[in-house]
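Only one chain is given next, in structure tokens, and it is the form predicted on its own.
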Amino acid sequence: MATNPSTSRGTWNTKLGFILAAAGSAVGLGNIWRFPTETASNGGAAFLIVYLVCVLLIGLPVMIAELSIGRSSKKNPVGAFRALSNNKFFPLVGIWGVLCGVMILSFYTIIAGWTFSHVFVEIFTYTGMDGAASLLSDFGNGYVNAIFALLFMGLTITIIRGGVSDGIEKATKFMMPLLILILLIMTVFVLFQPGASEGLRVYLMPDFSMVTTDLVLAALGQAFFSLSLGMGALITYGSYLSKKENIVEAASYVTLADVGIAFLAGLLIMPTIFLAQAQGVQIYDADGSFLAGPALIFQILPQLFAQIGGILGLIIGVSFFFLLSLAALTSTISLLEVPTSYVIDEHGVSRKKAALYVGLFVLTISMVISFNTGLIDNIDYIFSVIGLPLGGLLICIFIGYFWKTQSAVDEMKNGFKDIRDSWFTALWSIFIKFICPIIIIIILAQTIFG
């Protein structure tokens, strides 16, 4: 039974609770709008196949590594490195992970607020309140950005203050099935609409002539980011994991859930894009590339919902942006939990106070960004595009050459008694010590110098 979150760190009540929470950490807005358009722009199913291989080659091994560090130490990222090694450098790696989480959350909350505000944009558009709809859809309005960021952060803080089992686990047990249900319902509806079959063809028919080095690197990057690796979220979540659980099995389930939801999102978004084209909405830019990211979500799709019109258009629009809000919330929960866990462990602050103090600190940064959204790209590049692979690389180096893979395997024996007799031990060790670091270095080099 989980302990009181106000007096201790807490634990997961069930394996399912952990899997849904960890999958929720990985599932975010990138799964909904980045993955489908990356797939469509890079050879359709060819990209999908390369992506799946990359998830298995780099994502799963690093996830297992993070969970092992977390459960062995029962600490946050900073305390975990300090507890498992006398090397004074690696606690700084933990601090870097916490900092990355804080800075990513500071702008992610604003983008999450945009998704939530568009639930009301759809309602106001339907009821003829065009002025209110225009106000809420103006991303240059700092006051609107700040208000919705405040609402989203308030909800996130409330969940984190509830603790591991009574807050995070209960929330994700409700939100993740609901997210999947909405995805399935919307996907089934869209697939039977005119023009959707073309999107399905683009998404699922491989064009292997487009498999290039750039495509492979794009798939590697998507695999790494989509699994929420490198910032200590999974170290933190692993620290709440019972010793009786099989880490390898749990990580495999989390990876499968993340990949499955990303694939489902593609089945929804790609046919929807071509459905929009069939309705006369422009889906390509001047260079002939798909309009992806925010342009896709906040321009193309609202035009489609307006074209459908009536109560049906309203239901689809509200459901879609509510879906995005759920996906965003499952990620903001894990982003806030990392620094909250750090404050609880390292400074002896109660969970309720730690969540509030850290949340308000992050919100202060969000308020500044709300009035200067041009900062988002710079913060994203430093702490997400560069920061997360760098964190993942250092985690591999730590396990491979300092804590040692054998120590990690000893931890994995709890819940997987025969692990040393399986093929997994030798293979995973090779990947963590050699293959994963090399691949991540290639990603970083291509990102910085490419």
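Given the structure is predicted, the values throughout are model-derived calculations rather than measurements. Just count from 1 along the sequence shown to find any residue number.
Not on display, but discussed next: the form predicted in complex with tryptophan.
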Tryptophan in the predicted bound form has a heavy atom of only one listed residue within 4.5 Å, and of Gly70, Gly28, Gly392, Pro36 that residue is Gly28
So which of Ser325, Thr125, Ser165, Ser331 reaches within 4.5 angstroms of tryptophan in the predicted bound form, heavy atom to heavy atom?
Ser331
Residue-level question: is Leu388 within 4.5 Å of tryptophan in the predicted bound form, judged on heavy atoms?
yes
Using 4.5 Å between non-hydrogen atoms, is Phe81 touching tryptophan in the predicted bound form?
no
When the contact criterion is heavy atoms within 4.5 Å, does Phe152 count as touching tryptophan in the predicted bound form?
no
Does the 4.5 Å heavy atom contact test between Tyr108 and tryptophan in the predicted bound form come out positive?
yes
Heavy atoms, 4.5 Å, tryptophan in the predicted bound form: which of 344-352, 141-149, 331-339, 84-92 makes the cut? Say which one.
331-339
